[in-house]
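Below sits a lone chain in structure tokens, taken as the form predicted on its own.
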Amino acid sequence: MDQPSTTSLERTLTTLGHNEPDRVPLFLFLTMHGAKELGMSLAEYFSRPENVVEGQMRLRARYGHDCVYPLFYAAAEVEAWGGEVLFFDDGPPNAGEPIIRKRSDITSLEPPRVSESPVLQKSLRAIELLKSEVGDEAPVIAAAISPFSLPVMQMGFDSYLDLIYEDRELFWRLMEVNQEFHVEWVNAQLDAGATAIGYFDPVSSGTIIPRELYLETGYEIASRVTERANGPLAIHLASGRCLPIIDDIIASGAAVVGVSALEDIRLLKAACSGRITILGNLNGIEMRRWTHEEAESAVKEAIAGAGQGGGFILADNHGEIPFQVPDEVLFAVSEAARKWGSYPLDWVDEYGV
């Protein structure tokens, strides 16, 4: 029988080994709620790494989840390329005008240096400080946008899809530049103390492109990045469907896959069991209006569907819990994870899902 885990990191490593720890790990990917904790606007909160560190530590103390998550905001990567970022009062900062305004801009595009980007340096400092705070007690989960999905913010969705289909030469030129930046950024975060990197790649999902195109593009890029990363990657399709390409995701070398609430978690577990750890799949959008009972039911169903035998981390399905999700729901999720996630899951066989 597996020995009970005593820390969040041990609990996570045990489940990554497809064994059962003391309970199902719970990752609450809270990027913005720390601003509420500190009584700050989101712009002020993300202005200093110390704010993010304090927010993450307070949130973990409040909800008792199993990771810290020093992601500032996805658009920070576009900011590093010289793009603008638009801040809002009640949601994540977004990229402004595209930095690639016409295809010919790609020919002269050069990757930014991580060491010369103020916003990325703030992120690295937050990782260093959080690692100092949690040590080996909890995983520090960092994040990076995949080279294949970053162009949605660099040039706009429609223009990027047109590029993929109409000009593969320029497409691969953009991928080469993005890969150089991405690998440097991933390894800088790992060097700063990140335990693993969430490789966010929604464009690769079956929700957006067919598998045949994915194999020619996103799969090839993910495989190249995995080979050059100095630590484990968790491929996250940010709510997109993964089941049609799950064998390919596993073959790319990822250790974890973030799964969608749009797919049957029991089917996902059957496809992934013993091969790759599942991360998910609570519906973050619906979470905004869950009652206590609905939160408990969603947690119970996810654990029943994927928890047995380890290889499962309970989390939201997008990789970022919306700013509008109230404290009461987060408490309910945390309580239900402890109530229903303790191993052995003897109750599952009697539970109808």
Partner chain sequence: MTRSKDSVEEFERALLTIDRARASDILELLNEGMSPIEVVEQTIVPALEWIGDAWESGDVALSQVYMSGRICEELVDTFLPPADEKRKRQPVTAIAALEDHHALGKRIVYSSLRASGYELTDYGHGITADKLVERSVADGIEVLLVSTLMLRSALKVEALAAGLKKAGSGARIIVGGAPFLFDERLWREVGASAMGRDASDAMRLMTELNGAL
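Numbering follows the first chain given and starts at 1. What you are looking at is a predicted structure, and each value in this text was computed from that prediction instead of being measured.
Absent from the display: the form predicted in complex with the partner chain. The rest refers to it.
Three-residue candidate spot Gly193, Arg266 and Gly307; no residue lies within 4.5 angstroms of the partner chain in the predicted bound form by any non-hydrogen atom. Picking from 228 to 236, 176 to 184, 88 to 96, 106 to 114 the stretch near the partner chain in the predicted bound form, with a 4.5 Å limit on heavy atoms, gives 88 to 96.
Heavy atoms of Gln56 never reach within 4.5 Å of the partner chain in the predicted bound form, leaving it off the interface. The closest heavy atom approach of Arg241 to the partner chain in the predicted bound form falls within 4.5 Å.
Mapping the unseen interface onto this chain, Glu166 counts among the residues with a heavy atom inside 4.5 Å of the partner chain in the predicted bound form. Not displayed here, the partner chain is kept clear of Ser47 by more than 4.5 Å at the level of heavy atoms in the predicted bound form. Between the options Ser273, Ser223, Thr217, Asn283, the residue in contact with the partner chain in the predicted bound form by a heavy atom within 4.5 angstroms is Asn283. Of the residues in 180 to 212, those that come within 4.5 Å of the partner chain in the predicted bound form through at least one heavy atom are, in sequence order, Gly206, Thr207, Ile208, Ile209, Pro210.
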